[in-house]
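This document starts with one chain, in the form predicted on its own, laid out as structure tokens.
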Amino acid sequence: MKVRAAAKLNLMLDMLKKLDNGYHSLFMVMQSVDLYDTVDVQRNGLGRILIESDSAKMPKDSSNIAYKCAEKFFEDMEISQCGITIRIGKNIPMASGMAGGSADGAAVLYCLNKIYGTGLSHAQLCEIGGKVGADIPFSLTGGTAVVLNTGDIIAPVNPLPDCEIVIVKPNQDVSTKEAYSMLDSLQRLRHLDRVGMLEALSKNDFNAICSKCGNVFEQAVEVSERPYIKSIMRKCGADACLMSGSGPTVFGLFSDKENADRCFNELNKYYENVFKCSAVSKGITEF
């Protein structure tokens, strides 16, 4: 079974508090975009989980999130015949703050539920996925949503108004663990206007949404190319530009297609990973 797994962007990311278990309670507005990995899951006769990919950088062992999701699925469903091959076509840049690994893991759970006829509900799949990674429940859900706490509370909201999205992944990787450590070390954190964002989303007001976009990780995580990328996006007429997740990816929202095209062409001169995308309503779609 073959599916497409969508990347995600954070229109807003604010930290509420650090929890006693070491995790962080967050307030996020997440958006799926039409930048996809392809995930093909097939049974094999080997009795074990195999990972194949066109990406040399992707781990093929049990450290891979897709592998972990398959392992957790078989464990929770008490399935012993767990011979599967997972083939991943990688388009979402790794270590980019766009939940590429989580999207792949979500796709594996979706496929296994179909292949093995386990009949799990969406909520049950999210529960399994949440044991592996915080972004997996949203990757299973997709669309536009307010996501709270450690990713386990998801409230779908009005779809993002039609716009063009230009995404740039600089030639820098950011460790999520290190990013949270840097965030925790800040003496003072400037929080975002969460109520204002909820009001803008409820009114489906694109300009208001753009004015409330923000990511507190930008206060802690140093991405040397971020100011330059943002300056180009602003010069090209971006309505908002910010970092996604813990970085380093920067994206811009554009109400004008010509401005987005101009921005894409300009940034494409300097960066290898530049994408022009649109918002989508699902995290996982079948071929």
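From 1 onward, residues are counted along the sequence shown. Since the model is a prediction, treat every value here as computed from it, not as a measurement.
Omitted here: the form predicted in complex with a small molecule. The next part is about that form.
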Proximity of Arg87 to the small molecule in the model of the complex, heavy atoms at 4.5 Å: no
Can Leu50 be called a contact residue for the small molecule in the model of the complex at 4.5 Å between heavy atoms? no
Is it the case that Gly151, even though its partner is missing from this view, gets within 4.5 Å of the small molecule in the model of the complex, heavy atoms only? no
Going by a heavy atom distance of 4.5 Å, is Asn64 a contact of the small molecule in the model of the complex? yes
Pick from Met94, Met77, Leu198, Met182: which residue has any heavy atom within 4.5 angstroms of the small molecule in the model of the complex? Met94
State the residue from Ala99, Leu140, Val147, Leu112 whose non-hydrogen atoms include one within 4.5 Å of the small molecule in the model of the complex. Ala99
Partner absent here, but in the model of the complex, which of 100 to 108, 160 to 168, 118 to 126, 187 to 195 has residues with a heavy atom within 4.5 Å of the small molecule? 100 to 108
